[in-house]
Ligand SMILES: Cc1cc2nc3c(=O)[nH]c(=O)nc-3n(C[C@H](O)[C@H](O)[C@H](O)COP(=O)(O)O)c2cc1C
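Single chain ahead, written as structure tokens, the form predicted alone.
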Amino acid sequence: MIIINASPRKDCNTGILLKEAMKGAESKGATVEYVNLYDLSFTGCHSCLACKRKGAAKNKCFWQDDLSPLIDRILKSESVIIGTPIYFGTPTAQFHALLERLLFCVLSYEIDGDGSYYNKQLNVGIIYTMNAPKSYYDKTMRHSLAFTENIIKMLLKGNVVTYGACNTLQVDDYSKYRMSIFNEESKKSHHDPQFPMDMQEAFKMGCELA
């Protein structure tokens, strides 16, 4: 299994939940590789179309940077869990860049086929963390995020499971920041009982996908 942290704040909410997912996977005997995506040097898809050239290896990104070897390892895995915070209603830029590269190299434009060169099944878990309340996530964001989730499921042919950790703490001490629209006491009163439950759900995801 590969676990990928697509947060720039490697040890905050997303990282904490991914580490719980890793514990869950390891409890089932899985060997886990943990990757901080922001430690790698890469961009999104360059549209070089090298992966679509006749005679080129399928399911391979040929761009020479830190991401291409990770894509190779992902496509050889049985499962992957990706964690990302939500910024302005969408996952991080690095999350999107990873998916551009990963999904485009398995996408088939050939008339005879099902639209994907990938002939295995890769099960994918996605953990979202966000400042937004759960009501907003359920009513609005689930629908918009499902579009990408469905593309992942179609091209990688496995199950896609998701979990949203909502109304998370952004900082330890709100008084040090110009963030007065947030009530720290209210945020912490939600966080203290809820985040341990989020951790349990992340652990369960790791167990299920191991």
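Because the structure is a prediction, the values reported are computed rather than measured. One-based numbering along the sequence shown.
One more form of this protein should be noted, the form predicted in complex with the ligand, which is absent from this view; the next part is about it.
In the model of the complex, the ligand lies within 4.5 Å of some heavy atom of Pro85. Shown alone here, Met199 lies farther than 4.5 Å from the ligand in the model of the complex, counting heavy atoms only. The ligand in the model of the complex is approached by Ala132, whose closest heavy atom lies within 4.5 angstroms of it.
For Gly115, no non-hydrogen atom is located within 4.5 Å of the ligand in the model of the complex, even though that partner is not displayed. Interface residue among Thr148, Ser68, Asn59, Gln170 relative to the ligand in the model of the complex, by the heavy atom within 4.5 Å criterion: Gln170.
Shown here without its partner, the chain carries Arg9, Asn13 and Gly89, all of which come within 4.5 Å of the ligand in the model of the complex through at least one heavy atom. With the partner omitted here, the stretch from 48-56, 31-39, 162-170, 149-157 that lies within 4.5 Å of the ligand by heavy atoms in the model of the complex is 162-170.
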